[in-house]
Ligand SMILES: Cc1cc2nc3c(=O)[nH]c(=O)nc-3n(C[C@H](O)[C@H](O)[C@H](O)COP(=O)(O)OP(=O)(O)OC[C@H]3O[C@@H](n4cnc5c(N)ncnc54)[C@H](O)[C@@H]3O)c2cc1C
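A lone chain, given as structure tokens: the form predicted alone.
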């Protein structure tokens, strides 16, 4: 039996939910989005004549069936991304590896890390239940390496890991540890438990799973997909209302009434497809303030323009140096197929900066310093000229949950049915696009 749904949010989760609901013949879907565009954080900005993503927004390691949908939406105008990654730590760049490589530490420290890991490998970890992310680092990597990872986390996210729930690991690149040469790491990984926490570079990547990584190839960055995805859904019957906020949700005798600041929509159910749980609570008539339980990581975001031929052929580099300006730098102009007739393209740099810090306050002055760091890291050639730039401050990017968040969310889940039996709130933890997509599968059965 067909139904009418309101999907709250036009980000990637809203897209996946709407797509899944529309698989049932006769279903009607009305998407309500506060922003004036489709796609949420994936929607690109116009910067100096380029379409620039706000970070790295590749369709990374997605299931083949989702890749087929993306290709259909783009009329085949996508490219396979063969990740050419690198990382930097302690002044050393490790090509082909995107996690921290601690191999440049002194021999005494590395010996201590190894001893701690071998001792951990003898323990039973079945009952491990870390109280916070800092404790998780120590349980996985030992006191010494766990401490290094904790300092890296604090540098990137501007918050101490002991204040963050262990689930915060999902938004990091700190899942595994490498601290020796690849042959030595492979030898250590022969231990079943160490194999779950250690890493080594593969000689050749090859195909290791059924996931693929693709990116729009129209020269519009992710905006090209966002605009086409909206039209694709509309062609399937979806109605999308932009620039509207849901202000009230009330159950009725026959369904649910959704009031926005512009209209009233009658539906069978509401699918809350965004992470603004406080807004949902407000619409239902109760308070759920999560501001003190989520950390919106601040970043200074730089778009740096130079000649394309002077940019290293790579996807991105993650810099784990505690005193560095940059964290993640991407050859975004190259992999998004944006090279102007004058030969210029761009790189993007996500630069950690606590609000009020020197980097934050001087954001309009630091482009030359960021550029010099990119030259030193080999991201651009030493003689490359910074031709133009834009640097903006973004107060909230990654949102790791603070200690206490899970308990509060559980309370909210329990409270929602008291106010409406016709609201479906997803698990708010999935972060990667493949996880969001997989979580949406079977939605029709979940809300039947």
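A quick note: this is a predicted structure, and the numbers were derived from the prediction, not measured. Numbering follows the first chain given and starts at 1.
Keep in mind that the form predicted in complex with this ligand is not shown, yet the notes after this line are about it.
Which one, 85, 218, 276, 213, lies within 4.5 Å of this ligand in the predicted bound form by heavy atoms?
Here the answer is residue option 276.
Quick one: find which of 413-421, 375-383, 22-30, 48-56 has residues within 4.5 Å of this ligand in the predicted bound form by heavy atom distance.
Flagged stretch: 48-56.
In the predicted bound form, does residue 34 come within 4.5 Å of this ligand, counting heavy atoms only?
Because a heavy atom of residue 34 falls inside 4.5 Å of this ligand in the predicted bound form, the answer is yes.
Can you tell me if residue 141 lies within 4.5 angstroms of this ligand in the predicted bound form, counting non-hydrogen atoms only?
No - in the predicted bound form, heavy atoms of residue 141 and this ligand never come within 4.5 Å of each other.
Given that the partner is absent here, does residue 69 sit within 4.5 Å of this ligand in the predicted bound form, heavy atoms only?
No, residue 69 stays farther than 4.5 Å from this ligand in the predicted bound form.
With a cut-off of 4.5 Å between heavy atoms, is residue 328 one of the residues that contacts this ligand in the predicted bound form?
Output for residue 328 is yes: heavy atoms within 4.5 Å of this ligand.
Which residues from 1-25 come close to this ligand in the predicted bound form, meaning a heavy atom within 4.5 Å?
Heavy-atom contacts within 4.5 Å come from 8, 9, 10, 11, 12, 13, 14.
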